[in-house]
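Take a look at this one chain, the form predicted alone, written out in structure tokens.
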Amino acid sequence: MITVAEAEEIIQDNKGDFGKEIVLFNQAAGRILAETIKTDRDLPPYNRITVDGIAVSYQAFASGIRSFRIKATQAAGDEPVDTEAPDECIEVMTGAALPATLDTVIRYEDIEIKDGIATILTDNITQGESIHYKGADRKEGDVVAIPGQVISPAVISLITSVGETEVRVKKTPRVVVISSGDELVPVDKTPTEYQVRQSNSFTVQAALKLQGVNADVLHVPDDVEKITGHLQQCLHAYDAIILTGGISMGKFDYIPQVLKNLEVEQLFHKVQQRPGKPFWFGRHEGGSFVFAFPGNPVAVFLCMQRYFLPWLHTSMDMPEKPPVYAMLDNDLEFKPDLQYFLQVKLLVNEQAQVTAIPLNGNGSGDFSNLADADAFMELPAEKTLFKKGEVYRVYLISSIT
């Protein structure tokens, strides 16, 4: 049995590489950028007016002129109109380009227009106000987005503003989620008194969907021949296989032996943690990675958050997220020599401190608490007593849900 830190290191050392592809910009949202995006011109590309009003020469205003003849009206996208006399102005709309002969914009609220004359009603005018200057945001050739970024609506805005109609993104891995066990029945079936409905696979599938990964779902019975056949096919069809159940010490937990028979290299089996101690991880020579989680719902949820999603982010070359910490709200005792992942509710107090309130559950089979929990708090194996006010790392469930 290995420690949580050792398991994490082994998994991170075995990141995947699923390649890249080019997609249309309007199909790129949520994908992982795989190229550097640079500006093709200054941003903004011209001195952009930011309010509706009039553009004047500040020198003319400073000399005492308060009434200006409106020479023209200029909308966004129009070619700028220059003035020829100090007492001339241009009526301008938001987004229009600033005429070269003018340097200050005064909003409608501060002027009165009558018979083609705009009269300024305030002396509180600053030279250059209400102008977003050319290149103030970025210069031509500047980097605006880098590989590893999630393509958010803001990144889409940058991509389109520099004229990129296509964008190179990381391919998402082909993933299958396989549940096992004769006690599991389909969601739409009525279980017997001693059966339960399949839920783990769909929990994992939903978590992956929020990461932009569309995973397939499969169920296998407790039958060595059928498990072998399905896994053999999946090892050639998918980049990653997530198994739930069938990896503990029971007589019907066939999966570790089947994986060995299929020449999947076991990189570890059993981690010094609760929940999720029987966790198995390995790699097939064909390139597939196998994450085999115990069947208990909380253990599956925890292992997804603690191991699979960080592996996915590393494999997609996403930057590492900064760790999140919280302060324990109650005293707690946990005696087993295991790293304990405690379900907690997070609150922020008046001192802007994040506090973690433990949620009492009934073990790793009790998934009802997950809907109320915000995070798992990781408590070190070398301690048994955890005091109120002590600070530990938390893994946000919201990053899955």
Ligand SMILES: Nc1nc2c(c(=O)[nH]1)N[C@H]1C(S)=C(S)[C@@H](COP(=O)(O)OP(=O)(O)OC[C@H]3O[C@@H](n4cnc5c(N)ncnc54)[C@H](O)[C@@H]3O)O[C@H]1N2
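One rule holds for the numbers: they count along the sequence shown, beginning at 1. Remember, it's a predicted structure, so these values are computed and weren't measured experimentally.
Absent from the display: the form predicted in complex with the ligand. The rest refers to it.
Trainee: Name the residue from S130, Q74, Q149, S199 that puts a heavy atom within 4.5 Å of the ligand in the predicted complex.
Mentor: Exactly one listed residue reaches within 4.5 Å, namely S199.
Trainee: Answer with one of G212, P297, P86, P80: the residue that has a non-hydrogen atom within 4.5 Å of the ligand in the predicted complex.
Mentor: The residue from G212, P297, P86, P80 that makes the contact is P297.
Trainee: Out of 156-164, 89-97, 272-280, 230-238, where are the residues with a heavy atom within 4.5 Å of the ligand in the predicted complex?
Mentor: This holds for exactly one stretch, 272-280.
Trainee: Is S248 near the ligand? Define near as a heavy atom within 4.5 Å, in the predicted complex.
Mentor: S248: contacts the ligand in the predicted complex.
Trainee: May I ask you to check whether I106 falls inside a 4.5 Å heavy atom distance of the ligand in the predicted complex?
Mentor: Flag for I106 set to no.
Trainee: Residue-level contact is defined here as any heavy atom of the residue lying within 4.5 Å of the ligand in the predicted complex; does L184 satisfy this criterion?
Mentor: So L184 counts as contacting the ligand.
Trainee: At the 4.5 Å heavy atom threshold, is D317 in contact with the ligand in the predicted complex?
Mentor: No.
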